[in-house]
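Just the one chain here, laid out as structure tokens, in the form predicted on its own.
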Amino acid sequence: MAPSSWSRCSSSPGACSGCGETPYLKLFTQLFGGRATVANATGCSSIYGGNLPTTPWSSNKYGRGPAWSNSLFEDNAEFGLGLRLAADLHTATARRRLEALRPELGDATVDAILQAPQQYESELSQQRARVDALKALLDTMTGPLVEDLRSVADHLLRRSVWIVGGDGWAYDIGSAGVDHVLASGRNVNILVLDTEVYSNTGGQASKSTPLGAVAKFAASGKVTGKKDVAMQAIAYGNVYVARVAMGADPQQTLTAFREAEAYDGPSLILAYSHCIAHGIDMSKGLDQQYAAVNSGHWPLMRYNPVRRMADHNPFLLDSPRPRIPLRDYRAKELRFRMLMNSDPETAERLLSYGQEAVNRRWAEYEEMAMRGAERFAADARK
């Protein structure tokens, strides 16, 4: 569906002014909302997401929009996997019932629906038209088999299942569930709105909080590094992984969302989201996203297993080498400046370690981007 058809999408959801999370949700709604099911972990996104009428989730001019539900930190990933399993069951049921009516509907109608590719949006649009035509045909028929098929006919269109939450959920409390879903091999998409802190509960440190940042429970600066969830997911070999930042490269963000949704398997998108807890001028949040990428703090990348199956390097490094020192990026955020004001010696020590970590990770990513396909795990499901 073209973004212009989503005229009801709220431009002012009930989040903090300038929130870095909501643009990703609006983009997702515009791309896939007409056939999406969303499991939303408790947190900022569940608060402004469920606060009608000002929400980034919306219906399009046809009245179609995401089916949204909220679950807790500790079980949202499992809840979302359950939505996927239910959707798969409904689809299998619909296909069986369609096959049972083959004599009445005709081979051409049944085969066109059952054999239709449903990977890209153009193909999905054609399938929706077929399903609408099928429902119109069923309205002219009677009988128990007709009623059975009518009740599940919409499930002949591929359902897009998304599990959404923040870094407190994905990196910490719900991390085991996220790992379980990625390891399942199921066609589920996970979107992590990464603010690098527990935003909704006052700004506590999470496992996503970077080295040297000040937060609740890290008042003297966090002394452990940020967990690299992207590398953990890549290790499976059959998970689509992307690290995006809309303020740095909106086209890369759009490409990652489309590739993740089209991929027949688990996908993980880590979306850099500036936050009021960072202590920045929120009107310049996208500029700070650009600085995060430019300093190497948040390198943009995609890992696409489809490329590995075609004997190409699946690891794509989408941002250039760091062009500014980490110090310049951090100087614009209060979460780092606070430590520099209160304990300059410790701040300098942690900053030097942070710069070393940036250099190390970039060297590792760059080496991966130059490998041959055979040096990455294959997708054994294929």
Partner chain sequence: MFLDTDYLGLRLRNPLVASAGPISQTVSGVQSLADGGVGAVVLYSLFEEQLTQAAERDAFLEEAYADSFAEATSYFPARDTADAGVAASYLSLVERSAAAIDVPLIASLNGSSLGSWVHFARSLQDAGAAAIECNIYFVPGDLTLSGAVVEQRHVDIVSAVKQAVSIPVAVKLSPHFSSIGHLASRLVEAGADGLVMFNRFLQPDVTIEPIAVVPGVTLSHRVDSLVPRTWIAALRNHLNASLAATSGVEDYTDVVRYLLAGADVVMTTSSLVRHGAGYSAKLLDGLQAWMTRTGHDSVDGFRGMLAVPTDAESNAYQRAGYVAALEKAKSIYGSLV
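A quick note: this is a predicted structure, and the numbers were derived from the prediction, not measured. Residue numbers count along the first chain shown, from 1.
Same protein, other form: the form predicted together with the partner chain, not shown, and the subject of what follows.
Enquirer: Can you pick the one in L138, A215, L81, L300 that has a heavy atom within 4.5 Å of the partner chain in the model of the complex?
Expert: Comparing distances to the partner chain in the model of the complex, the residue within 4.5 Å is A215.
Enquirer: Of these, A183, V306, M282, A235, which has a heavy atom no more than 4.5 Å from the partner chain in the model of the complex?
Expert: It is M282 that has a heavy atom within 4.5 Å of the partner.
Enquirer: Looking at 262-270, 199-207, 173-181, 81-89, which one sits within 4.5 Å of the partner chain in the model of the complex if you count heavy atoms only?
Expert: Of the options given, it is 199-207.
Enquirer: At 4.5 Å between heavy atoms, is P320 in contact with the partner chain in the model of the complex?
Expert: The answer is no: P320 has no heavy atom within 4.5 Å of the partner chain.
Enquirer: Can you check whether R243 is within 4.5 Å of the partner chain in the model of the complex, heavy atom basis?
Expert: Flag for R243 set to no.
Enquirer: Does R335 reach the partner chain in the model of the complex if we count a contact as any heavy atom within 4.5 Å?
Expert: Flag for R335 set to yes.
Enquirer: Going by a heavy atom distance of 4.5 Å, is L105 a contact of the partner chain in the model of the complex?
Expert: Because no heavy atom of L105 falls inside 4.5 Å of the partner chain in the model of the complex, the answer is no.
Enquirer: So which residues in 260-279, when you check the partner chain in the model of the complex, have a heavy atom no farther than 4.5 Å from it?
Expert: The stretch 260-279, when checked against the partner chain in the model of the complex, contributes I276, A277, H278, G279 at the 4.5 Å heavy-atom cut-off.
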